[in-house]
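One chain follows as structure tokens, the form predicted on its own.
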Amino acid sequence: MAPPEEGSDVLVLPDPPRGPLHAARARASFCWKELALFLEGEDVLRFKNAVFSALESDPLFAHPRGSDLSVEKYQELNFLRCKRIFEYDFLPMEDVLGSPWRIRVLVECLGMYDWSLATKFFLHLLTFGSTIYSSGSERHFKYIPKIFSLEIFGCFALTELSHGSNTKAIRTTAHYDPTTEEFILHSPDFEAAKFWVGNMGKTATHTVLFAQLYTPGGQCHGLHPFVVQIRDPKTLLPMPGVMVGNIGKKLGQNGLDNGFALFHKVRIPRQDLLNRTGDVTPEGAYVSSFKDVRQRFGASLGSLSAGRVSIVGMAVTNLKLAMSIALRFSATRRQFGPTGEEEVPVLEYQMQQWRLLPYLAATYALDHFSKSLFLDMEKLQHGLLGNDQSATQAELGREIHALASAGKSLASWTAQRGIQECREACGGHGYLAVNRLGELRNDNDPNCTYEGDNNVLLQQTSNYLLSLLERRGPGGPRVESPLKTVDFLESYPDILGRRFTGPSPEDCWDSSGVPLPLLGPGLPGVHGGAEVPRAHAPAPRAASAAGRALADERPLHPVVPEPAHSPALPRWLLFW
């Protein structure tokens, strides 16, 4: 089944139908289509149009009306939809490497429809499939065509019932038996059960399983990934020695079958060890091209950074949806106004702008960060596939790990709070299930937890930064990184020593002269962290209500300057 042609005569950006938003859209001071082309690019817009057109015209993707589906029926329907996505062939095998941007865009499109579907697709093709490709070798490439044809269906099993963030304490074991050239997989007790594994509940036939690798003599070489069959692809019955099942209903994403698995002395061939970072000879000797154990461990968990980078994009997508819903509602919902005249849209009120516009700005900033980080991750993956073991590649891996850890926390928490603000900003109508705000809130919530608890991840980023500061000292190396995101630490004593002073209330509210040392030298408007020359700065604004309050020594409360009906209101926000 082929999707609609991306290059057909179908308009990439058709005009929206006339309706309640038409009057607000007509006041836009710029062309919204040019903005969309600038932000996305024509190739992305055409691809999105092809995906959405296919889903809109396919009855399988019609949302059920009248009553909610049971969890069992929802998961069954979700698998059929995932199968249909592969039949459309939106992402051919050659495009996964040749056009990686399609991966990000397709997951975003599917997420806008239903995160249960997007996550199911993502876990099978990208988490399971890409881990085999990037962590294995040629002997494992036989699985790749089977992944695309759905001959097998995969999942990623790292988390256990008693261990999540502390990956080094994972308790599933893999003892090598040289007499049969097999690994023996074993779960010592129920607390060592693989848990929360997406796709494992009902549909996965294979998994990438992380276990502690032991060679003869009892030496442990740490956590390693293995390809393990857990069900018969024809009957979906568990393989001998495997206990596998569904963990039950969740707060959200119930179309995704999260599951658990226990292994009782399950034997797998030696070749099923994903051996890019370490291997075992037929005789039982452990070999690795990585001399540093920590570097090897980090490389073996590289797929976690990729997952966190993807979660940044997922959280941004949730925020895009919530902001579109709340802002469009606010532009059409009218409350109060001059006596005898038409009521005013609530978006024109300063309070509504104060509540929503900061999250709109955050959406654009995080969207750009997400796309940039995805490209950086792609660069890292190319180095791993090319067996680049240079110091620069290792440092790039550490930097992206720190960025992905902090970015995932920032994006998921911002989306969580932004969605809640949107729900409240829509008043009582925001509580109706039909507007999706409650669904978005629930579906976004696990972004704060899986692939690493946000609080723990922020500590990992903090530890990375502190380790760089620790190396810096009298006569020590410069603080710098491949992506230059930590170079500001080189001047951190000067940054901490800076103080802002404003000679007048007007200067306090004029941000044009505030020094921006974090941006570093050589950037537009910044000269070595010094104050921007006033001749090149925007003209100061007239004293606002807040400025006058300062001058009169009255209590200051947050106020959005300018009149409520100011022509400067960014009405382009209506054209997401």
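The first residue of the sequence shown is number 1, and the count goes up from there. Keep in mind the model is a prediction, meaning the values are calculated, not measured.
Keep in mind that the form predicted together with a small molecule is not shown, yet the notes after this line are about it.
Engineer: Can any non-hydrogen atom of H163 be found within 4.5 angstroms of the small molecule in the predicted bound form?
Structural biologist: Heavy-atom contact with the small molecule at 4.5 Å: present for H163.
Engineer: Give a yes or no for T159: in the predicted bound form, does one of its heavy atoms lie within 4.5 Å of a heavy atom belonging to the small molecule?
Structural biologist: Yes, T159 lies within 4.5 Å of the small molecule in the predicted bound form.
Engineer: Report yes if any heavy atom of N455 sits within 4.5 Å of a heavy atom of the small molecule in the predicted bound form; otherwise report no.
Structural biologist: N455 belongs to the contact set for the small molecule.
Engineer: I'd like to know whether L123 contacts the small molecule in the predicted bound form, with contact meaning heavy atoms within 4.5 angstroms.
Structural biologist: Yes, contact at 4.5 Å.
Engineer: Please tell me which of T449, T281, S504, S462 lies within 4.5 Å of the small molecule in the predicted bound form, judged by heavy atoms.
Structural biologist: Contact with the small molecule in the predicted bound form is made by T449 alone.
Engineer: With the small molecule left out of view, which of P225, G418, G313, G198 would have a heavy atom within 4.5 Å of it in the predicted bound form?
Structural biologist: Result of the distance check: G198.
Engineer: Tell me which of 462 to 470, 151 to 159, 80 to 88, 477 to 485 has residues with heavy atoms within 4.5 angstroms of the small molecule in the predicted bound form?
Structural biologist: Selected stretch: 151 to 159.
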